[in-house]
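The chain that follows stands alone, in the form predicted alone, written as structure tokens.
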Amino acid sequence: MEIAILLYDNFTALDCIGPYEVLSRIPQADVKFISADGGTVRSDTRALAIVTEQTLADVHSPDIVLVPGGPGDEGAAADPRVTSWLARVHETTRWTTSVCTGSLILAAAGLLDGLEATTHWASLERLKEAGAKPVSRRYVEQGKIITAAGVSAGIDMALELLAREAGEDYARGVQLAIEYDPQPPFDSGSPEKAPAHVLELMKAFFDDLRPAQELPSDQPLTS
């Protein structure tokens, strides 16, 4: 089974690495990290780099496609090479999936028009503007498209997908093998659970982050 994980500059690491740890356990899985140009792609922290040994042109009919999110989602969504490739391979995939704001890239490829989908909680309105019907769930399945919410939700989605492909007991075994048993020290992993002041703090963070990303490439940042 060929699994293509699409990377782009400024992706969020756990969006792809979490599902990779799960999906790579599918029997006879052939996992490929790919990008539009190939070569090294850096995460949003700039501290992690992944070498993508193949380009979009090298991968023609993957069984599973996974698109992570991250601050670079807008650039990827605006790249016709990315959107045309997604639209093309989706015709023959078994599963087309996304994590976090990766769903906005799927939407840009025309794959989510009128469908329920999810994304990071701070980007649900953007998903609506992109033509989907945003849903606040850990992951959302619409036919062969599965979209996961923010970052860590990709692991949940991948375990569900693993169960579909290899059986529930096998998926349970992989969950045990990677010791995925979340017991966080704080119960603030969703807008509904987080203290109000923390939620406002993070809303301000994302509001400040987005305009900086939308600066034209020829406009210098000033202090």
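In this text, all values refer to a predicted model and were calculated from it rather than measured experimentally. Numbers for residues come from their place in the sequence shown, where the first is 1.
As for the form predicted together with a further copy of the same chain, it is not shown, yet the points below apply to it.
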Exercise. Scan Ala108, Val151, Val82, Leu115 and let me know which has any heavy atom within 4.5 Å of a further copy of the same chain in the predicted bound form.
Key: Val151
Quiz item: Heavy atom to heavy atom, is Lys144 within 4.5 Å of a further copy of the same chain in the predicted bound form?
Solution: no
Quiz item: Glu160: heavy atom within 4.5 Å of a further copy of the same chain in the predicted bound form?
Solution: yes
Quiz item: With a 4.5 Å heavy atom cut-off, would you call Glu168 a contact of a further copy of the same chain in the predicted bound form?
Solution: yes
Quiz item: Does a further copy of the same chain get within 4.5 angstroms of any non-hydrogen atom of Pro185 in the predicted bound form?
Solution: yes
Practice problem: Output the sequence-ordered list of residues from 171 to 191 with at least one heavy atom within 4.5 Å of a further copy of the same chain in the predicted bound form. | Solution: Ala171, Arg172, Gly173, Gln175, Leu176, Ala177, Ile178, Glu179, Tyr180, Asp181, Pro182, Gln183, Pro184, Pro185, Phe186, Asp187, Ser188, Gly189, Ser190, Pro191
